[in-house]
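Only one chain is included here, represented as C-alpha cells and corresponding to the form predicted alone.
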C-alpha cells in the first residue's frame, strides 16, 4: 500500500483534507497528516517511509529528500515551487509537480483588489482614481495572468501582455494586446502586474531601467515573488518618482525603509495571501492528490516541473 504524507505547517482547510482523504481512500492508499508542525525533525521523521508527499509552503530541502528515501513524487499544492530543491529532487529521481491554475482566480482577485484599494487611497476618505480606462500590463501571461486580464477587462481597463514563451494568438484570445518586449509593456502601462515564476533568469529582472519607463502615476503590482524585483532599483524608483507606488502580497526585504520614507505609496499584505481562499485551498489540495494517484496508476507526469 502506498503511503502519502501531507505535510503542512499551514494546514489545508478541513474540506480540502476531507477531499484529499477521499481521493486516496478510493485509490487504496494510506494517508498520513502532519499538520501545524514546528520542528524540522518532525517532518524528517514523518517523511521517512512515505512514497509521496503533498506540501504547501513547506520547504523540501536535500535533507528532507535524504530522510524520505522512498519518495517518488512531491506535489506542491500551488503554482510556485521555489520552496522545493529541484536539483536535489532530480538527482534522487524524485518527480516534482505543482498544481497550476488551481489558485489562479484567487491570486487574480487579490491583484485587482489591491489595485482598487490603492487607487482609492486605501479608503482613507480622500478622492482617489478609477481603474476604468487605465492601461494594465500583464508581465507573464500564464493561468494567473489570463485571469487578471479577464477581471481587469471587466473593470474597463485596457490590458496589454508580454510573455516570450507564448504565441501572440494566446494572449489575444485571453483579451490582451500583445507587446513585443518588456520595455514596451512597462512604457505603455500605468499598472504592471508581475506574474512570473522565480527561476535563474527572472531573479531581479525588474530593474530601474524597466521601472523608469512607466508613465505618470505608475503602480507596480506583485503577487508573484519578491525576488523578481531588484530592491536597489525599487528604492531608487521611490526616491526619484514621487508618483510611483508598489503593492504586493509579499513584503520586500527593504519594506521598513519604504515604510519610513514613503508612507502612503505602498501596501504589503501581512503574509503571502494570493492563494488564501477556501476555494483555492480546496482546489489545489484535491488536485495534488489526484496527480499523485495519476502518477502511480497511469505514469502521468503532466505537471512535472523538474523535466
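Residue numbers count along the first chain shown, from 1. What you see is a predicted model, and the numbers here were worked out from it, not measured in a lab.
The form predicted together with 3-phosphoglyceric acid (3PG) is left out here; the points below concern that form.
In summary, the region of this chain contacting 3-phosphoglyceric acid (3PG) in the predicted complex, judged by heavy atoms within 4.5 Å and restricted to 112-120, 169-177, 77-85, 203-211, corresponds to 77-85. Shown here without its partner, the chain carries 91, 94 and 306, none of which come within 4.5 Å of 3-phosphoglyceric acid (3PG) in the predicted complex through any heavy atom. Contact annotation: residue 225 falls within 4.5 Å of 3-phosphoglyceric acid (3PG) in the predicted complex, judged by heavy atom distances. Looking at residue 290, you'd find every heavy atom of it more than 4.5 angstroms from 3-phosphoglyceric acid (3PG) in the predicted complex. Residue 275 belongs to the set of residues with a heavy atom inside 4.5 Å of 3-phosphoglyceric acid (3PG) in the predicted complex. Contact check for residue 245: no non-hydrogen atom falls within 4.5 Å of 3-phosphoglyceric acid (3PG) in the predicted complex. Of the listed positions (61, 45, 255, 57), a single one reaches within 4.5 angstroms of 3-phosphoglyceric acid (3PG) by any non-hydrogen atom in the predicted complex, namely 57.
Contacts of stretch 94-116 with 3-phosphoglyceric acid (3PG) in the predicted complex, defined by any heavy atom lying within 4.5 Å, are made by 103 alone.
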